[in-house]
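Read the single chain below, which is given as structure tokens and is the form predicted alone.
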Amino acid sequence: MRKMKKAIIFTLSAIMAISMLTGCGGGGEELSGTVSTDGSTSMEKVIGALGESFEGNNEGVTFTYNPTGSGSGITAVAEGRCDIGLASRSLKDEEKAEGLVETVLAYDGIAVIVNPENPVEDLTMEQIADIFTGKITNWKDVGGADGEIVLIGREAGSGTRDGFESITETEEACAYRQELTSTGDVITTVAGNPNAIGYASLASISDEVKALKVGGVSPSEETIKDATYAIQRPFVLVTKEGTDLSDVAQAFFDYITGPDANAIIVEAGVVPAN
């Protein structure tokens, strides 16, 4: 009888030990609840893939993403309206002073895009700056056909715009014909106009548009990783100092910043920071 009791106790202990190892990351009870993210439209592909993977590994979890733009995502964290903010730029000193904390998830190239019919293949940084500030207004002046250059950009507060203008040193000087509120809108608009030029996250572009070389270097995972492609920026996760994430949000944060997420990040077209 004593041997039977010991066997039963041993079996129950083993079952409890195994059950404690279930759930995301191995440890604790199965996760449940919602993870809410808000911000950069450029991060839609990578954060969507990571959220889908996390949901797939945790049946009780719901992942949400609100594509409002980097500035709005940062504000949402500051005001406690989401768990994790998404910004396609580094935080500014004044934002850090408010207690916001940045964690770099990945690095992304900002592609300078034109209509596939445009014969131009390569521009220098100086030419790009001169085009977007209105000093160069005709494609024939940079090796293209005779036609007025139509400048397409993002709205104020966009992380992509902030990154592009700061790198090309064109802040507050770009002469946009249109300022659009999402990466997808920029791509669609450039795709529909042979004389248009714009910029978009490398992870988001498709065959609808052509990504130009910059100073002879094509935007790619390799040229972003070795820093030979000049126009690149971080994809940042934003949290608030002194505000603990929920268990499920913390598990998601740990997952996407750990090595198990790197393959998904690469598949999304950007370079993992970790």
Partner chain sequence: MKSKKQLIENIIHGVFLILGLITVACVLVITIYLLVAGIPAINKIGFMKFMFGTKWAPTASEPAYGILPFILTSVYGTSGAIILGVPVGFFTSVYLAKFASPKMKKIVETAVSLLAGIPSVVYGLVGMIVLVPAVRKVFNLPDGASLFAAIIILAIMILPSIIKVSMTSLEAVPPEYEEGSFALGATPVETYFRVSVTAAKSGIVAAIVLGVGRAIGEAMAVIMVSGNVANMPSLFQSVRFLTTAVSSEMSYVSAGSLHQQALFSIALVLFFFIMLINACLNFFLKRDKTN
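Numbering follows the first chain given and starts at 1. Since this is a predicted model, take the numbers as computed values, not measurements.
One more form of this protein exists, namely the form predicted together with the partner chain; it is left out here, but the text below deals with it.
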Q) For this chain shown on its own, do S72, V150 and T189 all sit within 4.5 Å of the partner chain in the predicted complex, going by heavy atoms? A) yes
- Task: Spell out, yes or no, whether the shortest heavy atom distance between T181 and the partner chain in the predicted complex is within 4.5 Å.
- Result: yes
Indicate whether T41 is a 4.5 Å heavy atom neighbour of the partner chain in the predicted complex. yes
At the 4.5 Å heavy atom threshold, is G198 in contact with the partner chain in the predicted complex? no
So in the predicted complex, is the partner chain close enough to A156 to count as touching (4.5 Å, heavy atoms)? yes
Interface check vs the partner chain in the predicted complex: of D93, E172, E169, D146, the one with a heavy atom inside 4.5 Å is E172
Of the candidate stretches 189-197, 105-113, 138-146, 118-126, the one with residues having heavy atoms within 4.5 Å of the partner chain in the predicted complex is 189-197
